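The chain below stands alone, shown as structure tokens; this is the form predicted alone.
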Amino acid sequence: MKDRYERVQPGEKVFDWLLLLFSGGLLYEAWRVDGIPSLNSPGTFPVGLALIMIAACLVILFSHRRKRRAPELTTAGDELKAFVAEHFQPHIIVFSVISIIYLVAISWLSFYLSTFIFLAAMFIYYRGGKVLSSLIISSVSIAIIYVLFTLVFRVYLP
């Protein structure tokens, strides 16, 4: 017998509901900007975006109503394991951890030094240990950022 249902990715329906919840929270925060917005008030744009997000979430939830999870995922624990295995691979975890360290380091070090270290570390990691070329690419990138933002646009970077 042919399977008539599409398969849902592990955790996809939970993500849909969390996105709807986030969109509701965004609508609440947008509503707090100035209550019932008129067309030219500051809260109009965020309220409009939140309403669009809620509508999109509802459309996605409606379209996923007939999707079923894979038959080998019988419990929520199985689905959680499949979700973690699929979405938390080592290169994603390394990038996330280094990004958090970079964001914290910006306040301690200068923007340029922390950005250089971040770029160099990421290039070295993702290019498989090519240290010299990664340092050169990072240096050129920092030089371009400095020229564009500091000299041309005159933007203060922390």
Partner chain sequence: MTDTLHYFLMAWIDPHLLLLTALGTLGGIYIGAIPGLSVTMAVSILISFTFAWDINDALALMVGIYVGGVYGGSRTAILLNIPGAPSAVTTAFDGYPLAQRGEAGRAIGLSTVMSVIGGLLGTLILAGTAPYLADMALEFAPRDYFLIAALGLLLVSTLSGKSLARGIFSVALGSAIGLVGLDQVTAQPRLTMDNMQLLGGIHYVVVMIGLFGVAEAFYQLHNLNKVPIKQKVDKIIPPLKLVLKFLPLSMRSGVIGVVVGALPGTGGDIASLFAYDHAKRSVKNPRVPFGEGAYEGLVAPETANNAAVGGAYVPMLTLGMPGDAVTAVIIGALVIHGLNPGPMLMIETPHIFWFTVGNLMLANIFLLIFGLTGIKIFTKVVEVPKAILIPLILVLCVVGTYSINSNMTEVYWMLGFGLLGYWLKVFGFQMGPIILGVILGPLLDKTWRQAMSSVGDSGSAFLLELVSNPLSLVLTSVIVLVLIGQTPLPAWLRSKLSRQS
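If you superpose the two forms and keep the largest set of C-alpha atoms that fall within 1.5 Å, you have the rigid core. Just so it is clear, the model here is predicted, and its values are computed rather than measured. Numbering follows the first chain given and starts at 1.
FYI, the form predicted in complex with the partner chain isn't displayed, but the following is about it.
Engineer: Given that the partner chain is left out here, which of Ala70, Val131, Ile106, Ile117 has a heavy atom within 4.5 Å of it in the predicted bound form?
Structural biologist: Partner contact (heavy atom, 4.5 Å) among the options: Ile106.
Engineer: Although the partner isn't part of this model, could you tell me whether His87 comes within 4.5 Å of the partner chain in the predicted bound form, counting any heavy atom of the residue?
Structural biologist: Result yes; His87 sits at the interface with the partner chain in the predicted bound form.
Engineer: Find out whether any non-hydrogen atom of Phe22 is located within 4.5 angstroms of the partner chain in the predicted bound form, and reply yes or no.
Structural biologist: Close contact exists here: in the predicted bound form, Phe22 approaches the partner chain to within 4.5 Å, heavy atoms only.
Engineer: In the predicted bound form, does Ile52 come within 4.5 Å of the partner chain, counting heavy atoms only?
Structural biologist: Although the partner chain is absent here, Ile52 would touch it in the predicted bound form, with heavy atoms inside 4.5 Å.
Engineer: Can you tell me whether Ser139 touches the partner chain? I mean in the predicted bound form, with a 4.5 angstroms heavy atom cut-off.
Structural biologist: No, Ser139 stays farther than 4.5 Å from the partner chain in the predicted bound form.
Engineer: Which of the residues spanning 43-59 lie within 4.5 Å of the partner chain in the predicted bound form, based on heavy atoms?
Structural biologist: Going through 43-59 in order - heavy atoms within 4.5 Å of the partner chain in the predicted bound form - the hits are Thr44, Phe45, Pro46, Leu49, Ile52, Met53, Ala56, Cys57, Val59.
Engineer: So, does Trp108 move by 2 Å or more at the CA between the shown form and the other one, with the core held fixed?
Structural biologist: Shift of 2 Å or more: no.
Engineer: Given a superposition on the rigid core, I'd like a yes or no on whether His64 shifts its C-alpha by 2 Å or more between the shown form and the other one.
Structural biologist: Yes, because once the rigid core is superposed, the C-alpha of His64 moves 2 Å or more between the shown form and the other one.
Engineer: Return yes or no for Ile142: a CA shift of at least 2 Å between the shown form and the other one, with the rigid core superposed?
Structural biologist: No, shifts by less than 2 Å.
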